[in-house]
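To begin, one chain is listed below as structure tokens, in the form predicted on its own.
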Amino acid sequence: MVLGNDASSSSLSNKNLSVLVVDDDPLIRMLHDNYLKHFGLKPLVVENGKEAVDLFQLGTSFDLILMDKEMPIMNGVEATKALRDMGATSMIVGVTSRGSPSEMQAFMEAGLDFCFEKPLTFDMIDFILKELNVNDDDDTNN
């Protein structure tokens, strides 16, 4: 199941996107990291939402954040709300092993752009990157 805003498709432009992977599961971190590297990206990987928030407080920003929902220290809902409250305009994509519609909707309401069941697949990441480029193209044209 996927929740998100209206989706449109575009060819992926070759951009140097900054990506943050936030997940406490080492296997999922490795999988998502490898998929992103396949697209020529060099993601930064952290283990919980507090680490993501700390990076933003230090002035680091990302084009894309893959955010797990269930993590120790600071979960994805709390981290997403904190990032949005700090003014983060990154595309934040939630990933969760708990795919019930109500839980995914609650995660979306924290400020996500999309929410997917994990693990993400190669095709899901391709979709996300295309959406990110469509949004960037829209921002450039305004």
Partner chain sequence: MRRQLAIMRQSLFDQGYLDEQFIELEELQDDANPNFVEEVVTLYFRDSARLILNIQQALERKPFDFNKLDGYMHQFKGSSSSIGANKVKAESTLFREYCRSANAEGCLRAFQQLKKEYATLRKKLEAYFQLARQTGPLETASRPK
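These numbers come from a predicted model, not from an experiment. Positions refer to the first chain, counted from 1.
Not pictured, yet referred to below: the form predicted in complex with the partner chain.
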Among 107 to 115, 59 to 67, 32 to 40, 79 to 87, the region lying within 4.5 Å of the partner chain in the predicted bound form by heavy atom distance: 32 to 40
Contact with the partner chain in the predicted bound form, heavy atom within 4.5 Å, among Met91, Val46, Leu55, Ile28 goes to Ile28
Please run the contact check for Leu120 against the partner chain in the predicted bound form: heavy atoms, 4.5 angstroms, yes or no? yes
